[in-house]
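Let's start with one chain on its own, the form predicted on its own, as structure tokens.
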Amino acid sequence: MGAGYGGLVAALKLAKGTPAGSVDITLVNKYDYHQLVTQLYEPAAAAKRDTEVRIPLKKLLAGKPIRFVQDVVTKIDPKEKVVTLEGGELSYDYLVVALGSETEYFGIPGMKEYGMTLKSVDEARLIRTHIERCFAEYPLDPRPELLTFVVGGAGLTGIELVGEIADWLPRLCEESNIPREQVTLYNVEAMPSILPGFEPDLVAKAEEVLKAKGVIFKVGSPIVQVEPGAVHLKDGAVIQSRTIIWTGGVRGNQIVVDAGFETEPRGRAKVNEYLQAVGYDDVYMAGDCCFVLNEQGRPYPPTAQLAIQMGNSVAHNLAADLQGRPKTPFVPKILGTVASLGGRDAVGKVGNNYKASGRVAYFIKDLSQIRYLAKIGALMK
């Protein structure tokens, strides 16, 4: 269930790791393409075309023993071993749940109704066209809130998005004949610092780069309410804006909660060391819909590299089940994290010690994307 990073990798590896004809693999996904979710900030800010971050599943699965069903999962019944889709039902012997996450709004009044999110190619297109429309409207109706943009959340997604928008603004200003100083771009973060989990020197570098591009940071000041045209902060400040893009949190998929799987308070499923749902040997989980703990007893952040590793592990252990071999516990290997800052600039850490910034960090991020595309057989698609 799901053709994101975890689900797609699980299906491809299972098909490759089992004898031909020995398993019947069905991959269900809402879209007929795989989305490069970690790159969505680029089409959202017109840095790439939509087609560059979506890969047709027909091409990825060509010649492979995987049946693709384009449909929406509405219910999972693990006791009856049935998945309900909008267009019918599927029964299973083994199930891999990789349905991703949903947006966590933390109960902020108005955020769900008036904020935009960035979790799909369609949403990236909506953000891009909305910003372009704001610039188109301004010469006819010069209200400052049209050219005031707010990105809520300064984690990886928020920082990458705000950096790309900052690079886009000069072009938009030139096309619309609007002085750059009339445009304001805020990044609002509830925590006392941007990029939680990054080391202080990398955070400082990211702030320096983004401030030079005109980004205004409001850290340690949570958003407490959103209204049409206004974003209210806990410190009492009100930002008059027609644009709020929310990247401030995720929670597990509600379908997983409704299925009765054991979950934590934010709806992510609990799994054992083999990534099986607690109490169900025939259900495996991968990606953002579940969680695993690090050595400090805290959940690993929901990232693409973790989902990919989960997909690999699920396929390995599922094949072991089918072939009567011992399963292998899942042990994540975090290779590092790099945050793009717009253009060809980035900051990040690779392995335990190597820190990089600027074009070197951007090259590392680009290389990891190429490695993934090679892994799923998409480089020549």
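Residue numbers here begin at 1 and follow the sequence given. On a predicted model such as this, the values are computed, not experimentally measured, just so you know.
Missing here is the form predicted together with a further copy of the same chain; even so, the following discussion is about that form.
Stretch 46-54 is the contacting one of 46-54, 343-351, 328-336, 311-319, since its residues have non-hydrogen atoms within 4.5 Å of a further copy of the same chain in the predicted complex. Contact annotation: residue 278 falls outside 4.5 Å of a further copy of the same chain in the predicted complex, judged by heavy atom distances. a further copy of the same chain in the predicted complex comes within 4.5 Å of no heavy atom belonging to residue 237. For the chain shown alone, residue 201 is not a contact residue for a further copy of the same chain in the predicted complex, no non-hydrogen atom being within 4.5 angstroms. At a distance threshold of 4.5 angstroms between non-hydrogen atoms, residue 139 is in contact with a further copy of the same chain in the predicted complex. For the options 272, 176, 225, 182, the one in contact with a further copy of the same chain in the predicted complex, meaning a heavy atom within 4.5 Å, is 176.
This chain lacks the partner; the member of 282, 167, 123, 145 within 4.5 angstroms of a further copy of the same chain in the predicted complex by a non-hydrogen atom is 123.
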